[in-house]
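In structure tokens, one chain follows: the form predicted alone.
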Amino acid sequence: MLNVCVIGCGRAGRIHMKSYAGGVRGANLLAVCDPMEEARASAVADFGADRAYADWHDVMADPDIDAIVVVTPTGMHRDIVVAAAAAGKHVFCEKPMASSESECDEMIAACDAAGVKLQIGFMRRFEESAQHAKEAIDAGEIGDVVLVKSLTHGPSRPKEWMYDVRKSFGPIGEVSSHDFDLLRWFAGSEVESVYAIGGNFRSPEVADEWPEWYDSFAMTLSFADGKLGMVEGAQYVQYGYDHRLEILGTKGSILVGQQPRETYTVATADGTIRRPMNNSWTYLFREAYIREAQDFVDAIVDDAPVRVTGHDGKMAVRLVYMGLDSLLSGSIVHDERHGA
């Protein structure tokens, strides 16, 4: 039985705790870690962890912990992952992988040197429909991929700290890093250039203080092998959580996702039609989180490669930086390294 510690007891951390507290074969939620006593106590009460730590350094000193799940603020990821590798513990790290590409490189190098697994939390790859789409692409059902389009709309009002896009990256980082990962996955190629435009349409009251803030953007991408990409992202859409995909091939196309939460429709005598809207990513990807966790555990037990690597995490960080650079400069941003 693989003993796991989840570091970070916030909303995303609790999703992972729920998976490891009985939903994943071969794994056991042994411990949780968070500096907030109330958060630790709630996690122990709700998910039955045997141990609770206030300091993540103490997690590294516990010989019974085999693997950690890092769900802390991004700025802490590098130090925790490098320390875990030195302690011989396998690592699952939520996105964004780190604050910079250099930090990603350090994390990858540390885990490689220690011989431990490093998996990044892009759970959309484990959503059932997305996996079926990838299988269809690999089987050649739509011919050669020509264009991959992905959109994500989030309903929540931006938090105050998000308005400084030099720190938060805005929707390009907060909403759409998952989209970037899916585009690379479906295209099977690295991004060569991006061009992004955006604007502030829902929060005009902050425009004077935060003139660079944008709540919506559209981006075109070109891949090193000639494929095309499009990403559209928005925050504070208010109507609900929305994620959809289209993959166009030379001989067909694939559509993934829908706006409504359920498949039923209600039609009434006054001529209206109603379908319940999906209100949260936590509902839409609830099963994907479990499959993602199972894949991580299986990779450790079977000594198999993880499906979402440190390189994948690093490329998403790169695309977030390139996208914001393009949006703020109003120019096409090229990456001559093609993922090197």
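None of these values were measured; they are calculated from a predicted model. Numbers follow the displayed sequence, beginning with 1.
The next section is about a form of this same protein that is not shown, the form predicted together with a small molecule.
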Picking from Val320, Ala21, Ala12, Leu328, the single residue whose non-hydrogen atoms come within 4.5 angstroms of the small molecule in the predicted complex is Ala12
Just one of Met36, Ala61, Ala304, Met277 has a heavy atom within 4.5 Å of the small molecule in the predicted complex. Which one? Met36
Using a 4.5 angstroms cut-off on non-hydrogen atoms, would Val71 count as touching the small molecule in the predicted complex? yes
Contact between Gly198 and the small molecule in the predicted complex at 4.5 Å, heavy atoms? no
4.5 Å heavy atom contact, Asp179 to the small molecule in the predicted complex: no
Hey, in the predicted complex, does Ala87 get a heavy atom within 4.5 angstroms of the small molecule? no
Residue stretch of 133-141, 248-256, 147-155, 87-95 approaching the small molecule in the predicted complex, non-hydrogen atom distance within 4.5 Å: 87-95
